[in-house]
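Two forms, one chain: they're shown below as structure tokens, one block per form, named structure 1 and structure 2.
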Structure 1
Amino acid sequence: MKLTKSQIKYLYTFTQKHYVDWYDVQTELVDHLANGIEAQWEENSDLSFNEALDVEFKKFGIMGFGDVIEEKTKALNKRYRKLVWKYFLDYFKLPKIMFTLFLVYIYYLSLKTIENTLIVVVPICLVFLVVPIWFMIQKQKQIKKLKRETGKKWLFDNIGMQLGGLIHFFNIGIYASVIFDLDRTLPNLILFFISAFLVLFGLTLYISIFIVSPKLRMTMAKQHPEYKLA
């Protein structure tokens, strides 16, 4: 005996009631529960849908679906950061390393020669402040639009919006006290390190927002036929 469409729909609601908001996670759990219920019916066809569901849900333990969501979030965050790291390393290989070094050198030179360091520091920090905020607003709108149109929310979209947890690292405000205390009379080595830090910060931000996030969406869209690329 197979589950009906309305029973499958009920299983989606059931997972949602048990704090699984994400359609990509719900889908796997719904199929698992459905398989379990059908297997029980094969042995005892008198069992009601709710009784069989209760037995299957209990198999997930006292935490219910909590562990699955937590571990899935961790795994996706890790996958995201791994991708960022992979593309980041490209900027330290030929030919891109020339571009990286060139940027660091230009920035170092600007810090060293322009008398008012704020002219060099403020614009770049403003960009680093505005870009992640702009990205998050855009993503939030995209997620809401998708939810409105399809009624679905996807975990990987949420991971993409938070840049796999890197969003906390991209809060330039944390580094403000060091950056705004810059003085061109500081030792060259320190100026060089600060230049390198800002360039690498910008590179990581660029890779996360413009390379990894779209890539993750494309991969997920390929995997899930129901995901609609907005």
Structure 2
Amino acid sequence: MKLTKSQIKYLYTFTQKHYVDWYDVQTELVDHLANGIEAQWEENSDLSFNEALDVEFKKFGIMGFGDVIEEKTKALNKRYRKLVWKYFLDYFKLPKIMFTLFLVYIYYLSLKTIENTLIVVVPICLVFLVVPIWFMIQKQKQIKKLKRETGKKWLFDNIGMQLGGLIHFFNIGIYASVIFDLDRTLPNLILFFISAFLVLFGLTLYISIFIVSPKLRMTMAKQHPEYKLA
């Protein structure tokens, strides 16, 4: 026996009633529940739909679908960070590595030649603060637009807005300026490491927002016809 369209629709309602608001997670759960119910019917065709559903739901334990949401969140976060790392490493191959080293050298010269290092550091730290905030605002607008057009919420978008958890890492950028003292001269080696850190930090931010995020959204749109690129 196969589930009818009305039964599939009920499974979506069932998952939502059990605190699963994300449509991409609902879809996975509905597929899992449907397969489980159909497997039960192969063994016992006398079972009703509701009886078979009750058996399948109990398999998720006392936490219900909570563990599934947690595992899905961890998996999506891990996937996002893995892709960021992949594209980050690409910048250590020719010709991108030459451009990266050039930026480090230019920033190092700026720190070395400008007496007040805060003039060099504070602006870039402000950029590191403003860009993630701008991204989150734009992402929130996309999420609201998609919700209006499809009536669905996606865990994928929530993970994307958090940059796979990296958004918390990028928050430290604004604090980088506190390591500087107006009356203190730092050794050249320290200035070089600071330059490298800030450039690589900015590179990671750029990759996360402008490379990984769009690529994952395109992949999501291909996997889920219901998902539209806002």
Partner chain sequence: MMYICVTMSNSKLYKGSLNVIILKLLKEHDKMYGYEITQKVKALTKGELNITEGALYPALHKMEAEGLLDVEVKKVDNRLRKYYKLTETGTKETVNKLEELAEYIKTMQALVNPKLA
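Here the structure is a predicted model, which is why all the values come from computation and not from measurement. Superpose the two forms; the largest set of C-alphas matching within 1.5 Å is the rigid core. Counting starts at 1 with the first residue of structure 1 and goes up one by one along its sequence.
Between the two copies of this chain, it is structure 2 that is the form predicted alone. With the core held fixed, K9 shows a CA shift of 2 Å or greater between structures 1 and 2. Once both forms are fitted on their core, a CA shift of 2 Å or more is seen for A34 between structures 1 and 2. In the core-aligned comparison between structures 1 and 2, the Cα atom of E43 sits 6.3 Å away from its counterpart.
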